[in-house]
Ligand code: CTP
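Just one chain is shown here, as structure tokens, and it is the form predicted on its own.
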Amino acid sequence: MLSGKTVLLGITGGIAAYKICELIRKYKRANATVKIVCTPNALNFVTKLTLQTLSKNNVYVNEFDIKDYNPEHISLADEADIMVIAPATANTISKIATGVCDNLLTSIACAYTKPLIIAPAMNCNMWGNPIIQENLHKLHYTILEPEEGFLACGYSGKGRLCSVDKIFEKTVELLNYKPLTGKRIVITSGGTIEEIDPVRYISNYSSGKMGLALADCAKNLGAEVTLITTKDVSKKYNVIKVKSALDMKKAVEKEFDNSDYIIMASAVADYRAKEISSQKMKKTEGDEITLTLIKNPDILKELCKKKKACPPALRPSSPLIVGFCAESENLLENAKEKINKKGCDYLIANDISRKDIGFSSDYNEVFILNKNGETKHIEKADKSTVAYKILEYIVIQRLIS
């Protein structure tokens, strides 16, 4: 992904510095050249030898260690395609924001004119300090905000370094890695709304966040994206707003012949009211009311049938179809049964019984199943990270293999 690119990685004196070892490994696996600049305090948390071994390069700490009359804070800035400062302490953020250049890292940041990512990590009270927030607003760089959780200081709150996956993905995005250029991807999201009368409807708890994360990620990777959603979304890619399962079916079928990938991340209602009242249904004297429901079409299954019905010569050009399933028990067993019934190329299984992932959460953890019985586990992460890993596994690896 990053072949021929040089990443200048700045590490400051925070406990999260140890996490950057994995980030270096990710950059190296992506074939990037990694050059590291540490503040003196950073070496209290991670050793120079460790960083040199992982990066296969010298680690720079001191200013004015000039070779060949080439000041290092300028030469390192010139060589890099992107600069990443992670973890970024409150101290370093404030210095950069106010133009203080009292060490090699802050001097480079002051002279740097290309894409720069800052990933803060600090105590939650420090993060919430108005002065720190004001300094952050002064920075016209990409800020990857910290996450909430248990902190090394014993507090619990917003201050943890964001995932190294997120830092890596943002680096790839800013370096304009576009492996999906020319590919047309249709993604559905959100729970469908099945009307009962003008004020009532049947729906589910789906927030649409996973589908939206997939659409954003696909767009960032160069794809031509169409998002078919039940939510109000304003994006720079094509968004089609729908309401019911029948609306969604019609919209997806219209895009079928013009797509390379269809990802059905929406939560489609299984049933709808047999009759929709044109007027608000009034409360009756009885304690019960009977509502007759009829089954909605299985959009995923019908898309797969349509693909299978294509003449063999045309089938390779038919879209690759990805389904989602939400299960509250026996996740993998039900998912394996479902992929066989639906006939899709891949099925992504969510465990909705957990409160820390899935519906309405910003996090997810999924299993990807394919028709050959293979399973890929994507561990818990924010949904943008999960989206990238899904696309990497299902789309990117197929394209580059």
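The first residue of the sequence shown is number 1, and the count goes up from there. The structure displayed is predicted, hence computed values, not measured ones.
The following text describes the form predicted together with the ligand, which does not appear among the structures shown.
Undergrad: Which pick from 186, 108, 223, 300 sits with a heavy atom within 4.5 Å of the ligand in the predicted complex?
TA: By the 4.5 Å criterion, the partner-contacting residue is 300.
Undergrad: So the ligand isn't shown here. In the predicted complex, which residue out of 117, 325, 239, 304 has a non-hydrogen atom within 4.5 Å of it?
TA: It is 325.
Undergrad: Is the ligand in the predicted complex near all of 354, 361 and 378, within 4.5 Å of a heavy atom of each?
TA: Heavy-atom distance to the ligand in the predicted complex: none of the three under 4.5 Å.
Undergrad: Tell me which stretch of 290 to 298, 131 to 139, 229 to 237, 154 to 162 has a heavy atom within 4.5 angstroms of the ligand in the predicted complex.
TA: Stretch with heavy atoms near the partner: 290 to 298.
Undergrad: Is the gap between residue 84 and the ligand in the predicted complex 4.5 Å or less for some heavy atom pair?
TA: So residue 84 does not count as contacting the ligand.
Undergrad: Quick one: does residue 173 come within 4.5 Å of the ligand in the predicted complex, counting heavy atoms only?
TA: It does not: once the ligand is placed as it appears in the predicted complex, residue 173 has no heavy atom within 4.5 Å of it.
Undergrad: Can any non-hydrogen atom of residue 35 be found within 4.5 angstroms of the ligand in the predicted complex?
TA: Close contact is absent here: in the predicted complex, residue 35 is far from the ligand, nothing within 4.5 Å, heavy atoms only.
Undergrad: Applying a 4.5 Å heavy atom distance criterion, does residue 266 contact the ligand in the predicted complex?
TA: Residue 266 belongs to the contact set for the ligand.
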